[in-house]
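You are given structure tokens for the same protein chain in two forms, set apart as structure 1 and structure 2.
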Structure 1
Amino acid sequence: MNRLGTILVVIGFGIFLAIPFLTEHNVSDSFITKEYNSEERAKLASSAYTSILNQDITTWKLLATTDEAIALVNKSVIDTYGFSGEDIIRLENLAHNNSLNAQSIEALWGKGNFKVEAFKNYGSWLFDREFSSDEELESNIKQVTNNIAQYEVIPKKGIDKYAAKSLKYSISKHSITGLLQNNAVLFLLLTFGLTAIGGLLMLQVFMDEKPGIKNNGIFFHPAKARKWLGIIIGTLLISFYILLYFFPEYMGGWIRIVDPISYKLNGSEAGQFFLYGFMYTTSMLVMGARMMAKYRHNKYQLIRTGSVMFFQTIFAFLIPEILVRLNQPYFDFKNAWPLDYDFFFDFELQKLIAGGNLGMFMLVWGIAFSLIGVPIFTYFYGKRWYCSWVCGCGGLAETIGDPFRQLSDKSLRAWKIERYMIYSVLVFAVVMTVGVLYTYFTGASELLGINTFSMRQVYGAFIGAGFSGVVGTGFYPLMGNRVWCRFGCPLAAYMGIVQKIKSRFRITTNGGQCISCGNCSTYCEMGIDVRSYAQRGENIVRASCVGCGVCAAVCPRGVLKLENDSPTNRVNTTNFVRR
């Protein structure tokens, strides 16, 4: 069974990896006109495509051609709408005559002309000015005309960076043809289907053994002990996240095979984040089943794993898709700010406000959940209620990440770095949100001299995508399964403060029973040196503890118990060990 399972996983995953190479595209004239969304641009672009028109080509060829086409479009719009060398000489002449001003350029090209209006916007600071030298004059004028080319001509008439990104994605996704286009369901079954079935069959390894702790051989394992397979898996994961966040245009084939599911669920085609959500959920379900098989003697683990699987499938995946199908705002009811860092972004707020009664309810729910629900629940149950029962990131860590939990760094140094990093991210998230809201309500684009838009862009790229995705998950096989939760998650930081200061949750140490073996610390995914408390007979009250309960499960002497009890005397120490 296990053998068969492994074979199926290897085949399924192999086909998945092969898909980008099996993906074929075919573009026609009319397709290009449609995608470029303007006769003019399409005409300019088409010359790049002539050699590949109506031919089956690879994604790389298509995207390289598209890059050329975009460059062509941009070059010719600059030729048409920008300032030519001659134009610049004319402007210089005006300046020499001390008559560089609105009237004189209107006289040259006509009032209302694109160039004129642009120059009035970008170059009015040059009007009626003295220049100390010809060089200074020339460089100033060139600066203005370059700015116009970059910020006016290309965005308005040509194709800028952002438009190019989505154009490339759209062309790539919509021009798929042949094998993948016609056999999406088949490929879905061959990849996700085989891998999932194989993964489930592999659980037989655990079922063959009697219920109990199953950590045999972990530190000899090629994937679980940072050996060759772990490094390969890490590399694949990191590459996947980089593609997902920064180069989705190369993922067309993968996205194509989940189209059928997307149509079923929300009535429209899949995008890269639908693919991600689908992969996330299916792998969490399979690996959740694995976690359950592995810990089937431990009811806490069974219920908790069931809970994260439920919240991911229903709340994070299905409900938002169904909301979209019902023309309601996409919304994940269990996501809480500041993990949900864009909750207060203008477009999100507008979306909810525009969403009628349900939208308003979502808005109120989101705020109340994050600001009232989160601390209250954390007071009663510790942050585990979220981190290892509800959260999607936590859910991923506890299922797919379980094989890697022992790789977290337990050193004091790591703990120090952790505190600096996670609280910095929290501060960043709060400042960014305040800034974004300030802009939303006042219209001012800067808060204390910092542009709020760039703040949110930086946060989105570095924390939202880079940290939580690329590093947070990509580094599972290298630094353990809670890299994001431990070093980066602002919500974890926020709940951690509550948990540390006032909460009923603690891990009780059972008198003097600890034998300092180190299993608890080794398997603590948060890198908490649990043993250092247990061997002193001291309860564990740590901001970072996500209450996964694995330390208590692996302890061979029954020393640790996660419990909620009166918050007074929480660190209470019995007198079995002298400190």
Structure 2
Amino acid sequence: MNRLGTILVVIGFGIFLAIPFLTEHNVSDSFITKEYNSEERAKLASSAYTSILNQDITTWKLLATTDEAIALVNKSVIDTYGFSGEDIIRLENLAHNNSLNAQSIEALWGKGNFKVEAFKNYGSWLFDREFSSDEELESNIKQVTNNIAQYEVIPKKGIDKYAAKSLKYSISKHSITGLLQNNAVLFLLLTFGLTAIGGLLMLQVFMDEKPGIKNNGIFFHPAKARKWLGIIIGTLLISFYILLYFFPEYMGGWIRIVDPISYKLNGSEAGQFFLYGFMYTTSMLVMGARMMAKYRHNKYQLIRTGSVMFFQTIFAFLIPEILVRLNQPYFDFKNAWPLDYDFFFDFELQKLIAGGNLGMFMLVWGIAFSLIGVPIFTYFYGKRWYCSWVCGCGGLAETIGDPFRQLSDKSLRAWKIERYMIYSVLVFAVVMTVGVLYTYFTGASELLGINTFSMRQVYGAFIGAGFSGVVGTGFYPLMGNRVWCRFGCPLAAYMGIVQKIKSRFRITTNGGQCISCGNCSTYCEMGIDVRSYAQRGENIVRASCVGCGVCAAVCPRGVLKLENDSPTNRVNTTNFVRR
């Protein structure tokens, strides 16, 4: 059964990887006009598509052609609406005559003209100003005209980088034809179906063994010890996340095969994040079953694994999609700020406020859950109630990432880096949230000289996408399964402060029973040297501990125990074991 399962996984995953190369596209004049949403833009772009119209082409050819078309559109609009060399000379002449003002430029191009209004917005600081040299005048006017081209002409008349990204994705997705277009369900079964069935069949290897954790060969396995297979898996994960967040236009074929499920759930076609949500949930269910088979001797692990599978499937995937079908705001009731870093963004607040009574309930729930519920639950149960029982990030780490948990660095150096990084991200998240709320309520775009829009862009790109996705999951086979949770999650940092200072949760130890086998430290996904605490008989009270309980599950002597008792009953630690 294990061999058959492996074969099915390889076949299903192989077909999935082949889909981008099998995807064909076909575009027509009417399709181009529709996608560009403007006859003027479509006309400017059409010359780039002439050689590929009504032909079956690859994704790479289509996107390369679309890049050429976008460049043609932008060049044309800059020539039409931007400032030419002759226009710049006219402006310089006005300045030389001390008559560079609103009235004079209106006389040049006419009141209400696009160039006039743009120059008033970006160049009014040059009006009636004296310049020390011709070089200073020329430099300042070119600076203004370049800014107008970048921030006014391209976004309003052409296609800026954000519109270009959306356009390329739409063209790539909607132009799919041929085998993939007509057999989406078949490819869905051949990829996700075969892989899931194969993964479940591979569970037989655990069922054939006696219950308990096996250490045999984990540091020699090619996938579990940073060897060739682990590097390949990590590379594939990193590549997928880069495509997901930064180049979704290359994922059109993959997204197309989950369209049937999307239409059933929310009534509309799938997008890149629907594909991700479906993959995320399916993977957690299959690997969650693996986790249950592996830890079937431990009731706590069975319940905990079942909990994260339930919350991911119902609360993170199904309920939000069904809400969209009911014309309600998309909302994950289990998500909490600051992990849900965009909860306080203007578009999210407006969406919830516009959602009527249910939307207002979601808004109040989100605020209360994040600011009241999280610290209260953490006081009683520590971080484990969320990180190990509810959180989707933690659920992915515990299921898909379980084979790599022994790779977490237990060194003091890693711990120091972890503390600096995770609390830096928390501070960044808090400052960004204060900034976006300040902008929302006051309308001011800057706080203490910092542009709040740029601040949230930077956070979204580097933390929300790069850190939590590309690094946080892609580095499972290289750094262990809790990279994001250890080094970057702001909610983990927030709960960690509560857990360390005021929480009833801790892991108690019975040092007299410890035989120093090291299983507990080996399997600690959070990089805690559990054995050093156990040898001293000291309770483990660490801000980073997520209470997964695996250290207790792998202990052959029952030294470790997860408890929620009065903090006053804790054993005081010594300076020998640093926290």
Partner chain sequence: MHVVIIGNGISGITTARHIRKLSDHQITVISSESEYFFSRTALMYIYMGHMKFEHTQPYENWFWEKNKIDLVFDRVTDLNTDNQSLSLTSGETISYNKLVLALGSTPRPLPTKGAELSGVQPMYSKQDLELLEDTKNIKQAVIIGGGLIGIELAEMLHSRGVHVTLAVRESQYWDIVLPPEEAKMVGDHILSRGIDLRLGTAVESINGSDKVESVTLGTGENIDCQFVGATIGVVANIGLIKNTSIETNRGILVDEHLQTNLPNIYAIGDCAEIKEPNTGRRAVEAVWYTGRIMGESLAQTICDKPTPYNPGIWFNSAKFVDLEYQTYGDVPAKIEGELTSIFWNELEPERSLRIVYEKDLMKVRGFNVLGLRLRHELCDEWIKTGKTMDFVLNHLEELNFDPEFYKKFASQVKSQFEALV
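Sequence positions of structure 1, starting at 1, serve as the residue numbers. For clarity, a rigid core is taken as the largest C-alpha set superposing within 1.5 Å between two forms. Please read these numbers as outputs of a predicted model, since none were measured by experiment.
In this pair, structure 2 matches the form predicted on its own, whereas the other structure does not. Residue displacement note: Lys227 has its CA displaced by under 2 Å between structure 1 and structure 2 (rigid core superposed). Relative to the superposed rigid core, Phe369 undergoes a CA displacement smaller than 2 Å between structure 1 and structure 2. Trp125 is among the residues whose C-alpha shifts by 2 Å or more between structure 1 and structure 2 once the rigid core is aligned.
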